[in-house]
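Here you get one chain, nothing else, as structure tokens; it is the form predicted alone.
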Amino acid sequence: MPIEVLIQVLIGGVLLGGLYALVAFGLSLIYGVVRILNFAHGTLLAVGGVAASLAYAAWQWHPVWLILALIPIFVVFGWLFYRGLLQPLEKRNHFESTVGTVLVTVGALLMLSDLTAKLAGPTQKNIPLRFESFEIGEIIISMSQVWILAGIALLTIAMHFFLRRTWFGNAIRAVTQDSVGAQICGVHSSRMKAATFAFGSAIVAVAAVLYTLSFPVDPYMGFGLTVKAFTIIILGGIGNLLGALLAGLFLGVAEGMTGLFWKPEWAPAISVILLLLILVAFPNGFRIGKRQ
């Protein structure tokens, strides 16, 4: 096999893995603070990607403007979704609360997927924005790939400093470690949980536009993305941005290599296989780096 083909697949895998990591960032924060497995998390990317592609087709908005338009919508949705449907379940006992959150988030996944398919159609969509490419030998690299990877890196660094240096970030980490202690120190735990849910949803808005610039989206792809995000946070660690980024890159490259050396149709299943292997081989957890 020519080395150029291998490098080309590696570049695509790194790009895909970086986008997976962005999705996992939000899910990791939400679970770390709210302790809810949000099965509708990946569906938000699918819905956001479809919305971004329709907005681009109608008005030719630049991706930056699409991101800025989606973020407040996703923030409001995340806040209301938690306040209206998930927070009331905290008054139930542990079993009822756990089962209830699963039913609510899975129900939201189904409803959002069907509603998006009804309004926009079930076909795949993307943002057909063309960037210049440059060649290194027989390797072709699109400037869109360069800009997206640079954006993912900058966003990761920005979120790291945001979570480490701001009051909001310190409050998130305080609620994660001890919600009762944080409440005693003046942090309103229920508001912080709602704000974290909204913040995690906003990260998905960014990921949705970046994903749709490189890959097609459809209303029913969300659950697969959620499974990949679960795999990433189990491998990288809850609340660990660097670990999630490395785990996402590993998963993206693994999918690319699976499609190259085996069969492309097995590439989406690699996340489930990795998830099972991690749970069996490391029942007490496996972490990369330090938690934020």
Partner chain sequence: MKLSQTKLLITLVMTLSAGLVSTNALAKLNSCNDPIVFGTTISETGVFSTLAEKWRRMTEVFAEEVNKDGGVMVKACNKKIPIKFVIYDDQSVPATAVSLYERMATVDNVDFFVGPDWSSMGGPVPPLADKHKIPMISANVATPSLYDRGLQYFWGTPFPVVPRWSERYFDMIKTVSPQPKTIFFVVHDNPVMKGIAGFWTKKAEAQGLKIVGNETFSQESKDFTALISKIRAARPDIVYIASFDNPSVPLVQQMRQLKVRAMDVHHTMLTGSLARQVNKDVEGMTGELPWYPGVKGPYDGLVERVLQRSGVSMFDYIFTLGRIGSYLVAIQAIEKAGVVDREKVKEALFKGTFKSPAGDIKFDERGFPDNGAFAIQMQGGKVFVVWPPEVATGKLQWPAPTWQ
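Just so we're on the same page, rigid core means the largest C-alpha set that superposes within 1.5 Å between forms. Since we're looking at a predicted model, the values are computed, not measured. Residue numbers count along the first chain shown, from 1.
One more form of this protein exists, namely the form predicted together with the partner chain; it is left out here, but the text below deals with it.
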So which of Tyr220, Trp79, Trp147, Phe162 gets a non-hydrogen atom within 4.5 Å of the partner chain in the predicted bound form?
Tyr220
Specify the contacting stretch among 190-198, 114-122, 151-159, 68-76, defined as having any heavy atom within 4.5 Å of the partner chain in the predicted bound form.
114-122
Spell out, yes or no, whether the shortest heavy atom distance between Trp262 and the partner chain in the predicted bound form is within 4.5 Å.
yes
Using a 4.5 angstroms cut-off on non-hydrogen atoms, would Ile3 count as touching the partner chain in the predicted bound form?
no
Hey, in the predicted bound form, is Phe215 touching the partner chain, heavy atoms inside 4.5 Å?
yes
Report yes if any heavy atom of Ser133 sits within 4.5 Å of a heavy atom of the partner chain in the predicted bound form; otherwise report no.
yes
The partner chain in the predicted bound form: contacted by all of Gly18, Ile30 and Thr166, heavy atom 4.5 Å:
no
When the rigid core is used for the superposition, does Trp59 move between this form and the one not shown (threshold: C-alpha shift of 2 Å or more)?
no
Establish whether a shift of 2 Å or more occurs at the C-alpha of Ile139 between this form and the one not shown, with the two forms superposed on the rigid core.
yes
When the two forms are laid on each other by their rigid core, does Gly259 show a Cα shift of 2 Å or more between this form and the one not shown?
yes
